[in-house]
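Presented as structure tokens, the chain that follows is alone, the form predicted alone.
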Amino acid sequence: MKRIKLTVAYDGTNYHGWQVQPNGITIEGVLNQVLTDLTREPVTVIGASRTDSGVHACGNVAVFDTNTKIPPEKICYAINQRLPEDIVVQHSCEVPPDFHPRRRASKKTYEYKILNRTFPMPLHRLDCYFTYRSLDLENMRQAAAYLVGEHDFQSFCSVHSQAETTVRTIYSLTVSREQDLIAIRVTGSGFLYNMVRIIAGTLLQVGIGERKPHEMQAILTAKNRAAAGPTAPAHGLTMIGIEFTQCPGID
């Protein structure tokens, strides 16, 4: 028995998130079925990030155990022949049997994309949030700076979260623009339920002038979901990737 690590990219538009659901198609469910068919043994993958319905990924990570004789580095080729076109495994390799993607220390990076122009662009309708309103990027950057570091992010967490602690560390949080596309990119030790989308929604409020940058400090201090802005729509969010720390030879 060996443990295989997959790096998975997907367009989440047509899926009910990562985690298996009783009433909808999910990324995890598709991977389980395809891998079971491929290896001819029951497979249940373990994912690093259980992204929500409509959220995309460039580099989510999953592992599974198998007795297959297919070389680990060739599994990505074999599975991609069976997967739908909106899910593609970018890489596969063998990892130690105790490697668990949710229990290993890691840095996760997400990006929230905003299309900011007079009219929507059809090519970006599935992976960007659109707004025609003028956004003050400098104010958004100033507000973002308050969130960098270790904080209690209870105000930026869905009330439906079951996390044991709401303390998280954000290593970097940038707001950049290239032509009509604005990217809010955040790297952290981990994220609470809807945390990145609530950060994006709050920064959007700052950008249009509904909030001042310094209000971020008061939002953190409040430890109350009602103090922060709205949860930005899911389709603008993409998991960029995961960097595992203290795990030589597996990245």
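Start at 1 and count along the sequence shown; that's the residue number. Quantities reported herein were computed from a predicted structural model and do not represent experimental measurements.
The same protein has a further form, the form predicted together with another copy of the chain, not shown here; the description that follows concerns it.
- Although the partner is absent here, L137 is not a contact residue: none of its heavy atoms lies within 4.5 angstroms of another copy of the chain in the predicted complex.
- Not displayed here, another copy of the chain is approached by N80 to within 4.5 Å at the level of heavy atoms in the predicted complex.
- At least one heavy atom of Q90 is located within 4.5 Å of another copy of the chain in the predicted complex.
- Using a 4.5 angstroms threshold between heavy atoms, V167 stays clear of another copy of the chain in the predicted complex.
- No residue of the trio P96, R104 and I114 has any heavy atom within 4.5 Å of another copy of the chain in the predicted complex.
- Only one of 117-125, 148-156, 104-112, 167-175 lies within 4.5 Å of another copy of the chain in the predicted complex by heavy atoms, and it is 117-125.
- With contact defined as any non-hydrogen atom lying within 4.5 angstroms of another copy of the chain in the predicted complex, H56 is the only contacting residue in 25-57.
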